[in-house]
Structures are given as C-alpha cells and as structure tokens.
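We begin with a single chain expressed as structure tokens, specifically the form predicted on its own.
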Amino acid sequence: MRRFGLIPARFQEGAQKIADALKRSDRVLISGHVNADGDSVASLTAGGLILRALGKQFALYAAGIPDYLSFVSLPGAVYSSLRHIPFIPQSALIVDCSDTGRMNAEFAGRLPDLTVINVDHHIGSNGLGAANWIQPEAAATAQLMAYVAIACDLPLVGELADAIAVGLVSDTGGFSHGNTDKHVFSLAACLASGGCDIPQLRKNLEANWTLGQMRLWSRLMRRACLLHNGAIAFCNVHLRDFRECGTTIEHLEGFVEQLRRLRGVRIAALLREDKPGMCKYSLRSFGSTNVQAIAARLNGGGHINAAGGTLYASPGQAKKLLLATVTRQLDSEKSPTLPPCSSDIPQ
C-alpha cells in the first residue's frame, strides 16, 4: 500500500514526478558526483534497487566506491567506463549532483543523447534533465530517493532501507546537523521498522580507520589554527601529507566537522591540495552562518551549513583567497554572542 503519509506534503509532487519518470524509462545509467561520499553511494544504490524492483535494465556508473563504504550492498557491478556498459543507454538517473562540473567528463559528455532524470538536494541549480527534482530542504538525496521508492509502492525494507540509512547518517552527521528535522527522524524510524540496524550501520561507517588515517588526522590536528578572533578554524592539507601517511583523500572524510567542534568557531575551513595548481575547499558552519554564500562567490556550491568547491591556484594563493572570502562573509553577518575562545593552536 502506498504510504504517502510518510512523505512531507512539499515533497509529494516531486517524488511522484520522479517515480513516474522512472516507470517510463529503461536501460538507465545511474551516476552521482565524482569523489563519491556516503549520500552519493546511498542514492546510487537506492536508484538501482528501485529500478530493479520496477523490472528495468540499469547500470551503476562511478569512478569507484570509497573503501569506507565497501560494506554497502550494491545492486550490481559499478562501471568506470561507458565502453563496458552491457547495453545501449536510453536514460540517465543522476543523483546527488545537478552540476555537470561535478561529474565524470565521459558521463557528462553523453547526457545530450539521453533522457535525464535528476534528483538532488544541493542549492544552486534547477536540474539537468527532463524530470528534475532539486529539493534543498531535504537533509540528503537519499531521503528524496526514499520518497521516490514510496511513490513507486516499494516498501522501505532490506537493502533499500540500509542504503537510505547510509545517506541519512552521512549527510546529517549521525543525526546531529541542523538539517535533521522531524521528517528525517520519522524516516529513520520507518527504516528501523523495515529491519535496518542503524547502530550497526554507524559502526560500519565509523569503526574502520587505518593507522595511516589516525596519523594523518593527528598531523592535521596539530596544524589546525584559529583565525579572525577565533571565529574561523582553518587547516590546509598538502599532497605530501597523503604520501607520508600512506593515505588518500577519502581518509579526510569527516575531518572538517571536527574543526567545527572548536569552541567559538563559526566557520570551519579545510583546504586540500589535489594536484599542483588545484585545491579543494570544504566549509562547515552552524545555524544561520551561511557557507553556501561563500562557496557561491568561489564558483562552488552546497548548503547553508556545508559547502565546498575547487580553486585553481597554488595552496598559498588558494588559502589567501578562501580566507579573505570567509572573513568577508563573517563580517557581513551579525555576530552572535559567543563564549570566549582559546588562542591560536600552534602550527
């Protein structure tokens, strides 16, 4: 029986639109953004499970699945090249991404030939396809995929419930971020009723560190500093850090959230050197402090409390530009009453 009661009223039209579009589609490529994270992998998985239940032919497309998400039960093989897809695609389901700049270039180049269905919760885009559902009020794209499943008359049980829970836990910081509203908790309760063991899922996500990751975080904790009278927590990451610690960029997952824990911090900023002349930045905040506005000025995107993007500059130049933009945003917002903050952490 269709359980529309679980879908908030403002989400029902979008959920039904995507459900109808999936029912009309076949031979579907499913993909998310590059450098897949928990919500992207969860939404990719949920899309495949929904299409499989609808009797559709589909293929998962991604450069790879991060090792820390290897426990997620995928509904099929993951293809990293379109040359290996076992059918001629007719449609594409793009999840957790509504910007071709965040996609694999090979995949983005095929979109003009495909009927595109787009589901995302990031700010800054109207979508990419004939059927778009861009809902920034959602805590995670996986939340939206849960509502699509309900609109398709599918129960949120088993692997589908587990996948959606991965996305919810990942993009709400374990139900601790400001995007965790009553609808998220209602959905989580439904997933638990469907057999999802959320405590075990959190263990799978969190209790999988390597010694190299612990050494990397220890190094970066020592490097972190407080700026702008303690309102900004900043840390930069160099290519040599990964090499010397035996780690990759996926081992940084969650680090910027730790910077946000420092007392008095309004914005946490992490700047990662990806290759010479190119750096990635991640921004986090609490409450009304808007880091999406910062990212927008730097051609990035995201949400009010979580955003990021790319700067094509040396680490030194990127740091100067990023911190100047962060400072300008803080100065433009009314400063809340804050507890006293500690002095700068030694470099």
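Residue indices: 1-based, along the sequence shown. Everything numeric in this text was worked out from a predicted model, so none of it was measured.
Quick note: we don't show the form predicted in complex with a small molecule, though the next part is all about it.
Peer 1: With a cut-off of 4.5 Å between heavy atoms, is Thr289 one of the residues that contacts the small molecule in the predicted complex?
Peer 2: Because no heavy atom of Thr289 falls inside 4.5 Å of the small molecule in the predicted complex, the answer is no.
Peer 1: Do Gly309 and the small molecule come within 4.5 Å of each other in the predicted complex, heavy atoms counted?
Peer 2: Gly309 belongs to the contact set for the small molecule.
Peer 1: Taking the small molecule as it sits in the predicted complex, is His122 near enough to touch it, meaning that at least one heavy atom pair lies within 4.5 angstroms?
Peer 2: Contact check for His122: yes, within 4.5 Å of the small molecule in the predicted complex.
Peer 1: Give a yes or no for Ser285: in the predicted complex, does one of its heavy atoms lie within 4.5 Å of a heavy atom belonging to the small molecule?
Peer 2: Close contact is absent here: in the predicted complex, Ser285 is far from the small molecule, nothing within 4.5 Å, heavy atoms only.
Peer 1: Please tell me which of Glu159, Glu273, Asp99, Asp241 lies within 4.5 Å of the small molecule in the predicted complex, judged by heavy atoms.
Peer 2: None of the other options qualify; the answer is Asp99.
Peer 1: Looking at heavy atoms inside 4.5 Å, which stretch does the small molecule contact in the predicted complex, given the options 50 to 58, 22 to 30, 314 to 322, 293 to 301?
Peer 2: Heavy atoms within 4.5 Å of the small molecule in the predicted complex occur in 293 to 301.
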